[in-house]
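Below you'll find only one chain, the form predicted on its own, shown as structure tokens.
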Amino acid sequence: MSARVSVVLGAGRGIGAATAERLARRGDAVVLVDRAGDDRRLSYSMASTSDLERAQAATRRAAAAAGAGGDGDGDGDGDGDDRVIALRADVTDPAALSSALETAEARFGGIDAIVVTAGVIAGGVPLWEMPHAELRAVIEVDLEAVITAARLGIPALLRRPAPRNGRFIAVASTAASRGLPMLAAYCAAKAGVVGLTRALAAELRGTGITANTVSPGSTDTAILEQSARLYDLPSAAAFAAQQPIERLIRPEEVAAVIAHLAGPDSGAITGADHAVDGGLAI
């Protein structure tokens, strides 16, 4: 049973929720963090408090299924409750995120992996016609929040004594390497995440901490439904045809790659962007 502690930012639904569940299933203690509320700058709903509660419950079930006393409290009941906590915090708010990370460290004695999955999308018009509030939402959530997570989270990873095997992972997108019309701000933010993480990998030389990105293609999430609306498509299913696998990617498939990168056996992998895109970037 792994004794690792993983923090997942943006864990209320989609890839974040799937990642939290996957990490718990392999034995990690997991801290789910989400703002669990809407962003008034955007016209669609974010993950709610109910979504975060459901994600926490699913992650606890996964922890219990992980085996012997999966709750980590040594009583053998395997309910997973003591190994999984959920916190409400806006990842764009340094004070709120700092508090969440401090809670995680106090509860579990340290942090081994930080996974940033929080993201939003907006656009549907040329960049010069995009409302400023939407532009700021995309840059703040998709790029600046990753910067904040690195600035606050990497020191926590470094507080683990050497030799350590800390992991910093951010979810980017195929949009980091492809110019998607009417999504210029989103493309810029995701490209920034990839560049940022490569630089972090260089800065973390010799520390035992790695930094990587994962770039999903069209994945069956609420954000993809919003993308379909921006392109005036009938549903997210319409995006399946653009991928060589001819289907949408499941959040669980992206989570599987993230979980590997967040684990102790991925120490030779750093500074890389990992495509989980069904061939979309070909």
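Please read these numbers as outputs of a predicted model, since none were measured by experiment. Start at 1 with the first residue shown and count on from there.
Keep in mind the form predicted together with a small molecule is missing from the figure; the text below concerns it.
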query: Whether R35, D90 and A222 all lie within 4.5 angstroms of the small molecule in the model of the complex by heavy atom; finding: yes
query: The small molecule in the model of the complex: contacting segment from 117 to 125, 196 to 204, 99 to 107, 157 to 165, heavy atom within 4.5 Å; finding: 117 to 125
query: Partner-contacting position among V141, I209, C187, A150 - heavy atom within 4.5 Å of the small molecule in the model of the complex; finding: V141
query: In the model of the complex, the residue from V257, M46, A228, A58 that sits within 4.5 Å of the small molecule by heavy atoms; finding: M46
query: Touches the small molecule in the model of the complex: A113 (any heavy atom, 4.5 Å); finding: no
query: R13: touches the small molecule in the model of the complex, heavy atom cutoff 4.5 angstroms; finding: yes
query: In the model of the complex, V84 touching the small molecule (heavy atom, 4.5 Å); finding: no
